[in-house]
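Next up is one chain by itself, shown in structure tokens, the form predicted on its own.
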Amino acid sequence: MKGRKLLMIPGPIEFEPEVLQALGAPTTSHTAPNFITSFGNCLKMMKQVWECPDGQPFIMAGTGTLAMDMAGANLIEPGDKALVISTGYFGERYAELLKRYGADVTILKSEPGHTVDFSAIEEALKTNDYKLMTFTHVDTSTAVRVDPKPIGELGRKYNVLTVLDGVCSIAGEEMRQQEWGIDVALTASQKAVGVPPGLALLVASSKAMETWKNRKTPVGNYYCDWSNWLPIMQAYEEGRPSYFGTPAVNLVAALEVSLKMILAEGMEKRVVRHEALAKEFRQKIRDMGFQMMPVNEESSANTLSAIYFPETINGSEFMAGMAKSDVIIAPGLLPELKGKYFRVGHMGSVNRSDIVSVLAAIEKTISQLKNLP
């Protein structure tokens, strides 16, 4: 152990020492040459991690919800039709967000643990003139993973902008934004990207940027408006100072370190590592008598797991027992099933030792519960 509890929730995660060291360094000016270089490096490396060489990256001080808001605010105008593919809590959140900007929203919602049938998505696109389609690559509430590639293909086929909520997937799951035709892919720093909370990260395709430029109405959110932020991103990438709002200087420095580490590992190797550790974890969990929320391996995320309590285990007692261990896990998030399951994050710098530690803590807690009078 590390002299403290091991953090195994779906974000924030465990962070590399080098990342935390960069975060704790003396704060420099946001117009200092070394910071401008660091910010520019981050923007360039995001294109590599997202696998979108022609995309426009944005780095904002904020959360993953802010990144969702930025996509909605800039691409939706009042009356636009939007299709939301929901596999959990965050799909429904996106629907509510888009409505705030005047979108006419249709939701295709799956049962917990399931994905939305592909044919239903195509049927909806055939019968309505949608401008935007959003989907959650990995929903943090259910650990359900959807395949972005065919959804991107549908977006191109029906000329619909596709927005991938990758808050719990980018830098942990396979995601080839440009090749798969995804117009916006967004995430937050505290997940698989491996930086403490505080950065909203987004890459927009040239099609998305062109759609924004051709808006007929002003963007309904001043802070999110790409008119304010695009010149800043362009200036930093070109090595020039610029200002709209003060960036999170230390978090950007930490992001540069983390992105360098991610690319040094290599995206393919990183995805394979996450997949191997997740499969091992899921199998061990099943061997203990638990059932995963995702109904099959194809729809199971590799960045986190959502696990039902067996009928023989009291969920509240289990979570109370785990709280006394050296491992921190997360309760369920879906309101209708909140006390029925728990979640374990395994992304970013996670290794086999971490997986073994959380399994040992779960096993010990189960044993203690069985021995209660």
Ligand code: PMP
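Numbering starts at 1 and follows the sequence shown. As the structure is a computational prediction, the values presented were derived from the model and not from experiment.
The following text describes the form predicted in complex with the ligand, which does not appear among the structures shown.
Put simply, of 293, 168, 202, 195 only one has a heavy atom within 4.5 Å of the ligand in the predicted bound form, and it is 168. Distance criterion of 4.5 Å from any heavy atom to the ligand in the predicted bound form singles out 188 from the list 75, 85, 188, 278. Picking from 131-139, 237-245, 256-264, 209-217 the stretch near the ligand in the predicted bound form, with a 4.5 Å limit on heavy atoms, gives 131-139.
When contacts are judged by a 4.5 Å heavy atom cut-off, residue 180 does not count as touching the ligand in the predicted bound form. With a 4.5 Å cutoff on heavy atoms, residue 52 does not count as touching the ligand in the predicted bound form; it lies far away. Contact check for residue 226: no non-hydrogen atom falls within 4.5 Å of the ligand in the predicted bound form. Not displayed here, the ligand is approached by residue 90 to within 4.5 Å at the level of heavy atoms in the predicted bound form.
Applying a 4.5 Å heavy atom cutoff to the ligand in the predicted bound form picks out 63, 64, 65, 68 from 54-80, in order along the sequence.
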